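Only one chain is shown below, in structure tokens, and it's the form predicted alone.
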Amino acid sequence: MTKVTKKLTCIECPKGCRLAVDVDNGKVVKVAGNECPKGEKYAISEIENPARILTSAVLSQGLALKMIPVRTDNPIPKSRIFEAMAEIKKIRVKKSLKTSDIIVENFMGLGVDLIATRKAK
């Protein structure tokens, strides 16, 4: 890979700074356009190790809701989103839940929990 400049819009604060990020071999070498230190941190994370909070729903059995909305409690690597969705499809909830109850602890060994975002009885 050669040196390239990528354009990003920072989402860390309401300013929405337009960033120009110089990348060499997958590593950030320069960030320009940020008006605060958050922009540089965001650019480095987004280029070198992008991660997202995953939101979805799991099937239930014997509960009033047929689908229980869920999310990870922390971001997971963006490269593992499709694998995580395949794992979520296998989950069946059979007991009542409160909002923020853990459905799967240490989801996929990623150090994050899969939690309910709505109560279900």
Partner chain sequence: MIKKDLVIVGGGPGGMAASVSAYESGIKDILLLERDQYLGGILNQCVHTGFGLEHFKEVLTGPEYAERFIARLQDMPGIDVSLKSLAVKLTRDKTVTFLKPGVLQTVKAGAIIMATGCREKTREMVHIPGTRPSGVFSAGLAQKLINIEGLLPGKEVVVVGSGDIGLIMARRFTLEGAKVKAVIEIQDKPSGLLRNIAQCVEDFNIPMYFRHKISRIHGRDRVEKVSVVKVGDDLNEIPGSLFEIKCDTVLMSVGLIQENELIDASGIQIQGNNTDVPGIFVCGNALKIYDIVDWVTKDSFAAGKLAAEYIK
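Owing to the predicted nature of the structure, the values given are computational and were not obtained by experimental measurement. Numbering follows the first chain given and starts at 1. Think of the rigid core as the biggest set of C-alphas that the two forms share within 1.5 Å after superposition.
Same protein, other form: the form predicted together with its partner chain, not shown, and the subject of what follows.
Student: Can you check whether Thr55 is within 4.5 Å of its partner chain in the predicted bound form, heavy atom basis?
Tutor: Although its partner chain is absent here, Thr55 would touch it in the predicted bound form, with heavy atoms inside 4.5 Å.
Student: Is Leu65 close enough to touch its partner chain in the predicted bound form, meaning at least one heavy atom pair within 4.5 Å?
Tutor: The answer is yes: Leu65 has a heavy atom within 4.5 Å of its partner chain.
Student: Residue-level contact is defined here as any heavy atom of the residue lying within 4.5 Å of its partner chain in the predicted bound form; does Pro14 satisfy this criterion?
Tutor: Contact check for Pro14: yes, within 4.5 Å of its partner chain in the predicted bound form.
Student: How about Val21: is it within 4.5 Å of its partner chain in the predicted bound form, going by heavy atoms?
Tutor: The answer is no: Val21 has no heavy atom within 4.5 Å of its partner chain.
Student: Between Lys30, Lys95, Lys78, Arg92, only one gets a heavy atom within 4.5 angstroms of its partner chain in the predicted bound form; which residue is that?
Tutor: After the contact test, the surviving option is Lys78.
Student: Is the C-alpha displacement of Asp113 equal to or greater than 2 Å between this form and the one not shown once the rigid core has been superposed?
Tutor: Where the cores coincide, Asp113 shows only a C-alpha shift between this form and the one not shown that is less than 2 Å.
Student: Glu35: after superposing the rigid core, is there a C-alpha shift of 2 Å or more between this form and the one not shown?
Tutor: Yes, its C-alpha moves 2 Å or more.
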